[in-house]
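Quick heads-up: it's one chain on its own, the form predicted on its own, in C-alpha cells.
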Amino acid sequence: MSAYLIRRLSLSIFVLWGVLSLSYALTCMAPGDVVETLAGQRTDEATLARMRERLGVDQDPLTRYTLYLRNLMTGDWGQSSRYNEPVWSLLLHRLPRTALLAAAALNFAIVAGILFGVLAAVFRDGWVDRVLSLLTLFGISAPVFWIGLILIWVLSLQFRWLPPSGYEEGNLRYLILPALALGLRSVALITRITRAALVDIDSSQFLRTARAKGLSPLVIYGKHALKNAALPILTVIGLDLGSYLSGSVLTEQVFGWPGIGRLTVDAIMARDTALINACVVFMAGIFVLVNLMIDLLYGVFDPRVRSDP
C-alpha cells in the first residue's frame, strides 16, 4: 500500500473521530432534559431515574463519552430511544432507499450535466452557451426545497403526472420527483465545471491535431477533450455522491422519502441522542469513503497522481 493511501486513511480516521466528538458534545450541550422529553412532564422521579439509568445518561458526560467510544469500537452503536431498536439496524433499513434515490439523481446529473457542458463548450459564446449559463445559474442558486415544491406544484398538482410524495416498494413513479429535485443542482454544477474544464484545455496540442484531422467539434470535445478534463468533473461528482448517499435531508423531508436524511430529522425532533450521533457519523463516514475513492480514481485519469511525492 502506498504512503499516499496510508496518509489518506489516517486522515480519514481523524476526521471521523472529530465529527463524532463534536456531534456528541453538541448533543450533550443541547438545552432541556432528554429523559423528561421522552417520558413526559407528569412522570414521577423514580421512573425518570430508571429511564436515565437505562439510557445511560445518569453519568457525567466524560464517562458517557468514553463508554460510547468503547462501544463503537466493539460495533455497538447504541439503542434508539424513540424506536427502541439498535440504531445500526435502523440505518441499514433506510440505506437502500437513500441509495436508490442517490443512484437515480446522480445518473440524471451526470448524463445531463456532461451533455450540457459539452454543448456549452462547443457553442461557446453563442446563444446555446448563454441559455445554458442562465439555466445553470438558476439551478445553483435555487434552494432544493423550493425546487421540490415547484416540481410538486407543476407535475403533481397541475398536470397530475406523478405522485407528490411518499414511497411505495417497487413503484418508480415515487422516485422521479425527488430524484429530479436532488439532481438539478448537480446538473448545473457539472455543466459549469465541464464547460470550464473543456475551455481551459481548448488550446492544447492534441486538440489542434484533432481539428487538423477534420474531426467534428462534438467528437473533439466529447471524446478527446473530455477525458483530459475529467479530474474536476470527477471531484464534483464525488462530492455530490457523498451528499446523496448520506441522505439529502431537505429532499427526503419535502417528498416524504423514508431514507437516512428523514431519519436524521426524526431523531433530532425526538432528541434521540444515540440515533443523532449515529446518523452524523454515518454521513461523515460516507463522505470520507467517497472522497477516498475519488482520490484513488484520480490515478486512473492522471497517471502522475499515482506516484508518491
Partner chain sequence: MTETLATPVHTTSASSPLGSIRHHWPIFLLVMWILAAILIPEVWPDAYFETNYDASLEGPSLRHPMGTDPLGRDLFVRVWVGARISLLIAALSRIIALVLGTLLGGWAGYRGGWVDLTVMRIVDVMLAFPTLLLAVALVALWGPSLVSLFVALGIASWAEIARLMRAQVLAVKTNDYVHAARSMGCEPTPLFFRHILPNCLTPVLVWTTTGMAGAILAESGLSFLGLGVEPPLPSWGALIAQGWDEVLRAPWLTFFPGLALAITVILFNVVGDRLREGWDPLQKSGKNG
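Positions refer to the first chain, counted from 1. Only a predicted model underlies this, so the values are computations on that prediction, with no experimental measurement involved.
As for the form predicted in complex with its partner chain, it is not shown, yet the points below apply to it.
Contact between Gln253 and its partner chain in the model of the complex is found at the 4.5 Å heavy atom cutoff. Contact between Leu26 and its partner chain in the model of the complex is found at the 4.5 Å heavy atom cutoff.
Its partner chain in the model of the complex comes within 4.5 Å of a heavy atom belonging to Val288. Interface membership of Glu169, defined by any non-hydrogen atom within 4.5 Å of its partner chain in the model of the complex, is ruled out. The stretch that touches its partner chain in the model of the complex, counting heavy atoms within 4.5 Å, is 129 to 137, out of 129 to 137, 71 to 79, 89 to 97, 171 to 179. Of the residues Ala103, Leu115, Ala142, Leu231, just one reaches its partner chain in the model of the complex with a heavy atom at 4.5 Å or closer; this is Ala142.
Contact annotation for the candidate site: Ile152, Thr264 and Ala284 all lie close to its partner chain in the model of the complex (heavy atom within 4.5 Å).
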